[in-house]
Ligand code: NAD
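This document starts with one chain, in the form predicted on its own, laid out as structure tokens.
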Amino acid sequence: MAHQIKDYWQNYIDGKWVDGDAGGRIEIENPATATKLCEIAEARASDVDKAVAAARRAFESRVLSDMRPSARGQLMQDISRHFTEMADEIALAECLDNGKSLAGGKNEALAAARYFSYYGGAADKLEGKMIPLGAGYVDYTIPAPFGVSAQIVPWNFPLQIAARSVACAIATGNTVVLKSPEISPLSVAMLAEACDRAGVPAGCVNVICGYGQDAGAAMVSHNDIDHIVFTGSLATGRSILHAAAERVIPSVMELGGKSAGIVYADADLEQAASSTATGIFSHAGQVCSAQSRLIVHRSVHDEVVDRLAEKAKALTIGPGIDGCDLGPLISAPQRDKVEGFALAGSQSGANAVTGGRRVADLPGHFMQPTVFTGVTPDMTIAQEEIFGPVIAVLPFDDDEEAIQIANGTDFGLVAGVYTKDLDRAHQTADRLTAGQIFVNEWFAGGVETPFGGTKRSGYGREKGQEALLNYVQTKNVAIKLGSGAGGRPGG
């Protein structure tokens, strides 16, 4: 495979590839080399207006909602097929603008295909219900689309997260304006390409790239959107929710985490260490559901730390294009932020068993895989989302203490349990405050399993059949049959 991609990418509005109104371009960097990769058209507020107008026209024309659900599902299967055919192209884009390996980038393409296949199969299975009101009445409900869905996806898994939101929107008859991340937009542009190749009607899916403070702010405050889907930081999520509150716009929010795995004394320690290494070092820790805390029974603490540190030291570090285990962080500011957290952890008394600093002898934005011990629950590295390959290990003496430590942050996205005791696994899972619990394997879920947060990690669910309910609103139709007086006031 030639390691090249095109030099310039455009936005996709109303079924056409277009430049930005102002003619601006955003430079995209290869994070593994810290060099310019390509450029993409910069969308600003006027471009948002055009994209929203196109999505509104498409929604009002009912081109999707009037389509037989089975036909809508077939359209989505066609999109899925194009993702599969484009997998190698997408893999290269994900590798060069995002830092993933080629294998990891291809997995992203296949995951996107799976989302469209899964929700394509669900498009004709979302049903209303009949409500009995007695003789002379027929009452039923309709799951109705909201309208224009404004979607903002993050830079860590842009394609996969975009695919799950766009697929739900199309399956339920909504139209979409999606903003790709300005530092990693290429695979999302390929989502637009897959939709275009599949024949998605013009205006139903619009993909633009712009800065959050400009295009993103214009989207979420736009007077003609009906629905918001956002994955990203807590600070940005709060800002978006303020805009949504002004117009009372329903929103799905996934705002990150500080997720903990609990290792009980009876756990398979090798399995727990291997799963934890996957949970924190995958994509250099740039994962919303990363296992960034490990809470270990004191009797096995040292052995687990030794096993985890050994796995961290064995990782190869370098560009994903070379097949290395640990790729770069997305940007220099992100690397500096992660290293700052690590340095602050050391200054507060934690011990970096391995790692703790940037990789100085590589040109890109690399951070050493880092394992901290001597961590207390109140330390910053145990409380705040770092979004890098840094894990805090904390000891515990009894089950109650473990659960208190695990639940002791503002976040509640996912959590994990490592034990051979089935009763303990169920009891712990029941008490952990998180939207998804992994038992004996981090990332054990899939496209089929609902995913979303509690507490400051957000609300609403993506993935699984439950996600579709976040893209529809219930419309009730109550019918009086025949003649005669009636009526039941309420509401």
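The structure displayed is predicted, hence computed values, not measured ones. Sequential numbering from 1, following the sequence displayed.
The discussion below concerns the form predicted together with the ligand, not included here.
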Among the candidate stretches 84-92, 295-303, 122-130, 180-188, which one is within 4.5 Å of the ligand in the predicted bound form when only heavy atoms are counted?
180-188
Exactly one of 324, 362, 265, 217 has a non-hydrogen atom within 4.5 Å of the ligand in the predicted bound form; which residue is it?
217
Checked 207, 150, 255, 390 for heavy atoms within 4.5 Å of the ligand in the predicted bound form; positive is 255
Taking heavy atoms and a 4.5 Å cut-off, does residue 368 contact the ligand in the predicted bound form?
no
Could you tell me if residue 232 has a non-hydrogen atom within 4.5 Å of the ligand in the predicted bound form?
yes
Contact between residue 316 and the ligand in the predicted bound form at 4.5 Å, heavy atoms?
no
Just checking whether residue 156 would be counted as a contact of the ligand in the predicted bound form - the rule being heavy atoms within 4.5 angstroms.
yes
Is every one of 309, 396 and 419 within 4.5 Å of the ligand in the predicted bound form, counting heavy atoms?
no
Near the ligand in the predicted bound form, with a heavy atom at 4.5 Å or closer, the residues from 288-302 are 288
